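Quick setup: one chain, the form predicted alone, written in structure tokens, and binding and motion questions come after.
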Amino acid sequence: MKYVLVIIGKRLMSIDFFYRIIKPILFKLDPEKSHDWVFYFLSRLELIGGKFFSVTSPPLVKPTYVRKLFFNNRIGLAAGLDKNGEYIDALSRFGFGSIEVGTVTPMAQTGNEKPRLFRIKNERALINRLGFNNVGMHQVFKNIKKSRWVREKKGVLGINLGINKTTSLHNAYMDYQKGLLFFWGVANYFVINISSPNTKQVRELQTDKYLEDLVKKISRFQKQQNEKMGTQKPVLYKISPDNNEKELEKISHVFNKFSVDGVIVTNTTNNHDELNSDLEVLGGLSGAPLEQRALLCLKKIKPLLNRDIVIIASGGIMSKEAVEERIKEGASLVQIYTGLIYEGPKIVSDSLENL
């Protein structure tokens, strides 16, 4: 895949080459600040003219239909990188077939105290304890409406939904329903985030105490909206890699009972046993140390789910080989986040060429 970022004199610089140049500088900065700087810079370039960017898709990339949605390719951007839908057009230049925005909550919130994002470079990993920091659904909606990629339907847009810090777990369904209703006209699919390790016991929503009631209410609301609007908007659930076999069985039973559209396997992990680092901070671990745990979760839950429940693989996908393995194990689509941070845009093009 050929990416052209910016013209310097008469010379074209590929976006991957550009990233490799600035990566050592970025990795000396605070992770959250470097993230904001990079995407602000990319969005400015996008704003002053698309001629600064060019993407040529690789040959033989097979599009696919998933839940009646047309995906240009199977590689998507996971939620978390563009929480507020500010950089959709810039990110679309990397070649993603889908982009997932969020996690978005009804009201804006600042998230947890800083520092809250940490790199473990020698492990190719991140630890985050961001805590659903976002500008709230009203502003995210405005940001999304500015996107040319969205307006021209160049790819598939997902909205990852969460609950506000002040919302009780018993009332969690109300926050999710607010998000569904508010973004119904602009999103292609939705994700119910019940697996964040950093947000007010949200993972308890996966337990017997809450899950069935939550899925029942959301499924009922989804059906009403689809009938009312004449649409078929898929709703998926994002689960934790830290569930044991018994917990996965119970979760799968609920998903099967209500015939949910799909599951994202997985979120980040609270288990840092695979991390060979002296850094002792709490938070969700992503990147290379998560790869085998997320893959194992996929292998365990796949045979437990009804065949028509779609699986999107995420977590620890750091190479084209990892992409291929998740698809081989039954994932219809694959999402990347930390792999993009460490490998740069080349991970997208390499994965697509192999697929």
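Residue numbers here begin at 1 and follow the sequence given. Quantities reported herein were computed from a predicted structural model and do not represent experimental measurements.
Omitted here: the form predicted in complex with a small molecule. The next part is about that form.
*Asks:* Taking any heavy atom pair closer than or equal to 4.5 Å as contact, tell me whether residue 74 reaches the small molecule in the predicted bound form.
*Replies:* Residue 74: no, not in contact with the small molecule in the predicted bound form.
*Asks:* So in the predicted bound form, does residue 79 come within 4.5 Å of the small molecule, heavy atom to heavy atom?
*Replies:* Because a heavy atom of residue 79 falls inside 4.5 Å of the small molecule in the predicted bound form, the answer is yes.
*Asks:* Are any of the heavy atoms in residue 105 no more than 4.5 Å from a heavy atom of the small molecule in the predicted bound form?
*Replies:* No, residue 105 is distant from the partner.
*Asks:* Quick one: is residue 263 in contact with the small molecule in the predicted bound form, heavy atoms, 4.5 Å cut-off?
*Replies:* No, residue 263 is distant from the partner.
*Asks:* Ok, 130, 275, 169, 156: which has a heavy atom sitting within 4.5 Å of the small molecule in the predicted bound form?
*Replies:* Spelling it out, the residue with a heavy atom inside the cut-off is 130.
*Asks:* On the criterion of a non-hydrogen atom at 4.5 angstroms or closer, are 160, 268 and 317 all touching the small molecule in the predicted bound form?
*Replies:* Every residue of the candidate spot has a heavy atom within 4.5 Å of the small molecule in the predicted bound form.
*Asks:* Out of the stretches listed (286 to 294, 64 to 72, 36 to 44, 299 to 307), which one is close to the small molecule in the predicted bound form, meaning heavy atoms within 4.5 Å?
*Replies:* Partner-contacting stretch among the options: 286 to 294.
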